[in-house]
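Single chain ahead, written as structure tokens, the form predicted alone.
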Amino acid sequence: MQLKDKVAIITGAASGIGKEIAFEYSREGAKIVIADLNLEAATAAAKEISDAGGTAMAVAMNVTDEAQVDKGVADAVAAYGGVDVLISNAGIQIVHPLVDFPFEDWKKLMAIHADGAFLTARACMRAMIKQGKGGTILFMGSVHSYEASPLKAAYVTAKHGLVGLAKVIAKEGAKDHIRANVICPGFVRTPLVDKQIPEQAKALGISEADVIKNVMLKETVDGEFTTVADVAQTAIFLAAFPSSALTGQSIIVSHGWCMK
């Protein structure tokens, strides 16, 4: 029970990586706040955790909406007495060649990844400072926090930015014992990635099998997708780490695709 009685707010946790982290955190004793745009799905996920013997609640949260973010964090603090961990996980993917990238799509993706990380981190830092116990902020980055791929200008830009934001928080938060790190997975077989496969096949003029083998997994050491369990275990390790020796860092979980 590495996270016993810790309160963890996880954005985008009604499905995919966020949901897996929520369940693994619950098994480690954390109280879970499922923060998601889809309140119905978030409520269902929270019920699954509760039915399994954990403690969980759902809050509606559009991470690009300042008022909704602040209210969601305030509701979590009111229900559970504070917040110890934020996992800023909500995200989308939109692919286009740069020269054809609609500005509206660029702004939408950047708002969710960059503005959402800022707004949720700010709200949780304020709560952590007020409660005086410190805390952990984890951003869901990507191998694309360090590498680039065709068609992903907005995503690559946003994910690079999370590394810088975490470093600033690590420095500003140190006096209040707030740590910040970035988890950088390779391709994880989630609905978000499944959606990209036919999109990239069409954009690149290749088969879906070739997208998987020669684009997504080409640079891994074993040709394997990173799993949601791989990411969840990394999130547990970072939240349970006992000191500020590990802050302002990026942990790359990518089957060797990216080595730093």
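The model shown is predicted, which means the values in this text are computed figures rather than measured ones. Numbers follow the displayed sequence, beginning with 1.
Below: the form predicted together with nicotinamide-adenine-dinucleotide (NAD), not depicted.
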Can you pick the one in V77, A154, A123, A90 that has a heavy atom within 4.5 Å of nicotinamide-adenine-dinucleotide (NAD) in the model of the complex?
A90
Can we say D36, M140 and T190 each have a non-hydrogen atom within 4.5 Å of nicotinamide-adenine-dinucleotide (NAD) in the model of the complex?
yes
Location of nicotinamide-adenine-dinucleotide (NAD) contact in the model of the complex, chosen stretch of 127-135, 140-148, 172-180, 94-102 [non-hydrogen atom, 4.5 Å]:
140-148
With the partner left out here, check for me: in the model of the complex, does some heavy atom of M61 sit within 4.5 Å of nicotinamide-adenine-dinucleotide (NAD)?
yes
Spell out, yes or no, whether the shortest heavy atom distance between A239 and nicotinamide-adenine-dinucleotide (NAD) in the model of the complex is within 4.5 Å.
no
Is it the case that L119, even though its partner is missing from this view, gets within 4.5 Å of nicotinamide-adenine-dinucleotide (NAD) in the model of the complex, heavy atoms only?
no
Taking heavy atoms and a 4.5 Å cut-off, does G248 contact nicotinamide-adenine-dinucleotide (NAD) in the model of the complex?
no
Residues within stretch 12-26 having a non-hydrogen atom within 4.5 Å of nicotinamide-adenine-dinucleotide (NAD) in the model of the complex:
G12, A14, S15, G16, I17, G18
